[in-house]
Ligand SMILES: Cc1cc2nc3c(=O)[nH]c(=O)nc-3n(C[C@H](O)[C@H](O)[C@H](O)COP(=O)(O)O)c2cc1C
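Heads up, the chain below is alone and in the form predicted on its own; it's given as structure tokens.
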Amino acid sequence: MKAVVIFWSMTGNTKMMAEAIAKGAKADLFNVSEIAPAKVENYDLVILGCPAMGADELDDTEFLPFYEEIAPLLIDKKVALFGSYEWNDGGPWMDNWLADASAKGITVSDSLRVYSTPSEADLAKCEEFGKNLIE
């Protein structure tokens, strides 16, 4: 299974998660600004990461436009979502993202959220998350 982790990170927390997940999944790793949307077609498993922003939403400067463009390409792929948050319980932002994916016809196989800066235990959980996605 050919896997890719595509992320956007403001403070580096989601980037840390992305690196650990990519290691576990033996996946290619790209910041959202480093990959053309059409390249998503080359992967069987697409793992997307974005932190909670503003009012529990996705970054609307880079990540959301990319996600909106690739959404039709994700319908027949295995997809997972992840990111970090620093308020509430991380629920509203991820729940909103999962609901949006479902409304677009995307089946999300799993999701992972981590509070603030990932600890060593969180990073181990991220690596395991990646491993489990490719099994």
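This structure is a prediction, so every number in the text was calculated from the model and none was measured. The numbering used is simple: start at 1 and walk along the sequence shown.
Omitted from view is the form predicted together with this ligand, to which the following refers.
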**OP:** Go through 43, 30, 66, 85 and name the one with a heavy atom inside 4.5 Å of this ligand in the model of the complex.
**Re:** 85
**OP:** May I ask you to check whether residue 81 falls inside a 4.5 Å heavy atom distance of this ligand in the model of the complex?
**Re:** no
Original post:
Within a 4.5 Å heavy atom cut-off, is residue 119 in contact with this ligand in the model of the complex?
Top reply: no
**OP:** Give a yes/no on whether residue 56 approaches this ligand to within 4.5 Å in the model of the complex, heavy atoms considered.
**Re:** yes
Original post:
residue 10: heavy atom within 4.5 Å of this ligand in the model of the complex?
Top reply: yes
**OP:** From the candidate stretches 72 to 80, 30 to 38, 45 to 53, 100 to 108, select the single one in contact with this ligand in the model of the complex, where contact means a heavy atom within 4.5 Å.
**Re:** 45 to 53
